[in-house]
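Here we start with a single chain on its own, the form predicted alone, put down as structure tokens.
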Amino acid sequence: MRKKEYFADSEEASLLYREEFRDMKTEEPEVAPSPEKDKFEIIGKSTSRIDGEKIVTGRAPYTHDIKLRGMLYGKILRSPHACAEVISMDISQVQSLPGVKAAIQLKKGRVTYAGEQVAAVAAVDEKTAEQALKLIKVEYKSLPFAVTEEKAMEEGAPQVRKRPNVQKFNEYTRGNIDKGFKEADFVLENTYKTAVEIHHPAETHGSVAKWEGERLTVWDSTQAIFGVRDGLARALKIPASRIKVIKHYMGGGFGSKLGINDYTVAAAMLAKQANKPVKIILSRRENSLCVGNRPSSLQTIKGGVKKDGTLTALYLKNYTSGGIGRGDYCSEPVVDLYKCPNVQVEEHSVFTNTGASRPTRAPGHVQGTFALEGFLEELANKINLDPLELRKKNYSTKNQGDKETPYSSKGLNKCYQLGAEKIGWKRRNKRPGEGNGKVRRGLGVASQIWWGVGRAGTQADVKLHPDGSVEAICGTQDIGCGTRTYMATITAETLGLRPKDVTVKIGNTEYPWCGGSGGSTTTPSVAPAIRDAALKAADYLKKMAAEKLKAKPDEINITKGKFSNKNDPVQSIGYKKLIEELRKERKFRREKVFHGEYVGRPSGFAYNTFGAHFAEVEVDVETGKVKVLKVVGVHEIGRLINKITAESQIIGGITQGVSTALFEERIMDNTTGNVANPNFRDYKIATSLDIPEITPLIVDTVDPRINNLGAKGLGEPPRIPPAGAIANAVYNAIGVHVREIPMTPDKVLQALKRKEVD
């Protein structure tokens, strides 16, 4: 079977995110949701994580922590060449090393990046496995390579794939772009650049595989347990029914752990050969080479605007490099975020001999928003208009630049209002760079659009036991965002209990089906499914309580652990008392399971999340150093489910955004074809000393159509605007836009020199 059919670093797998999350079809549910009237006591408030103590005390089991009886340790031999033919491979000497229990060849033919796996071994300990790798003899024929976009785009550059290195993969047009530019009073054109960003979750990638006869169990650090199961079934040519995938806790993924991985397949193959469990945990260096990255971008934007701030035309040409995989779609903000009648987009992938891209929290939108929002900032200055007013002037109520489908809900204007008040927008420099002195301050803003809708077909169960205990069960995975907590909260709210009264079971493919946790889809998929199951359980309990209270089921209220008659609240029966009486009457002798499902949302509407970030920075114009002082992040995500975890999402997204804006950049060695900074010493990431004051704000409005709770997703949105807002604040401080992230001191100083020339 060809590698591209199941490995996550293939071009086809790099399309997973777009196909699975962006382009989900709107399905008409049997009954449209009407959650506006729902009033809650727990939902929307701050509920501490039900597993918080377990996590902070180190008792939560991560994939790194899995230890099985007789377990072996796997290691992978990776190509040192960016491009080469594997002429021959000899693994015979490996088997003679004491402690080695399995060895397999994983690659024949051409390797296309340094770090691609070619062989693997399993031994009784890691040291022996590492020694075994040195005994594998591989003869390579080194070939020319191109590891940078500039090199790959040169005439006569080494061909990375069996196609040109530059390939158009997206184009879009509405209106007449030439007509739009003719109608403009001012036209501006600038180019913006973003670097390749490496996935560096706290927990590196890893899997543990164990066979019991013909049945395989895998413990995986993954965002998609069902995707791993199905990928293994294809790779190993066995039925998915013989595979179980488990994921208890995970130390970050951010898109890199969606779907099947090549090391997971290798662990399963080694375990089969050795007839013992095998554990493969990637090193930090391996994480730098072969588990994905956020593609770079080189975006040229040309725009036309009238004197009053009305946009007349936007043109985007983007070159984006995802290594041997496709680059990111960066044009969504240009296409959808603002009212503009004439838009044209061209996007091209630039293939290089580097590891393939994978979805990275808000793929494409981070790069696209940085460029578009920076361009609008410069355009506003061109017509002497407050950049926030420019955004408000071109506010849209429909997608495709106000041309197509109305948004189901949109609170971006409210985000602008709250954020501007909190940051003190009136303090900003009226003209960019008008301050004096060695250290200059500035304020900036950037808007955000994302999807964050649910995935139809997501299933969940609520199980009532005769002793009164309750379980909430779903085959989803908590990737660090508090899924267990909101499942408990929703179930408890619906049944009149407390979150601690509910036992949550997730992270196992033997539980009801759920898709991968990516695209901000987990909450709007799982929450309505568990709510549906809990409502069915509540209906059953109301019926039983109504018989006791001589009332009709629709006259029963559930709250604070008891059932009462709406018409006569004195008449009531406690939850535990009701269960006890039903058990004595032999009406509740065994567990009762109530199945829930998220069936979709009404067609005819665009479902998106919105937000705005405001940043304050200071810039040392002598050293070029940028310090972010404060960021206010405001988001509209439909109904708020849990205030404390939502605020944590915003804080985390801004933290990552500061890191991207100022520090993160993969550097390739053109001589060797290897990553030059595959560690935390050389690959700079923001530390606690770099994190500013962060104020998270949420516009808590119910989306009337999206699902039975009116909730959208919040995973990606906070990650999108920070870099743009920070760059615009720098522009406001020094009077020249850096136009490239990360905004390292040398780039800031170069921009200041450009200002002097201009």
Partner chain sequence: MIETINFKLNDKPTRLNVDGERMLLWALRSELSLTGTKFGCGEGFCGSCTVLVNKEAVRSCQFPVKDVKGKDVITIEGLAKNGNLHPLQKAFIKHDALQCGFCTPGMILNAYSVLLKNPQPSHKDILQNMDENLCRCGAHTRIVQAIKTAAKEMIGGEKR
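Positions refer to the first chain, counted from 1. Note that the coordinates shown come from a computational prediction; the quantities given were computed from them, not determined experimentally.
Form predicted together with its partner chain: not shown, discussed below.
Shown alone here, Ala60 lies within 4.5 Å of its partner chain in the predicted bound form, counting heavy atoms only. Proximity of Glu126 to its partner chain in the predicted bound form: non-hydrogen atoms within 4.5 Å are present. Put simply, Pro692 is close to its partner chain in the predicted bound form: some heavy atom of it is within 4.5 Å.
Under a 4.5 angstroms non-hydrogen atom cutoff, its partner chain in the predicted bound form lacks Lys430 among its neighbouring residues.
This chain appears without its partner; in the predicted bound form, the one residue of Gln656, Ser564, Thr112, Asn165 with a heavy atom within 4.5 Å of its partner chain is Gln656.
Among Ile579, Met269, Leu282, Ala546, the residue placing a heavy atom within 4.5 Å of its partner chain in the predicted bound form is Leu282. Segments offered: 176 to 184, 595 to 603, 342 to 350, 251 to 259. Contacting its partner chain in the predicted bound form at heavy atom distances within 4.5 Å is 251 to 259.
Contact annotation for 639 to 657: residues with any non-hydrogen atom within 4.5 angstroms of its partner chain in the predicted bound form are Ile644, Thr645, Glu647, Ser648, Gln649, Ile651, Gly652, Thr655, Gln656, listed in sequence order.
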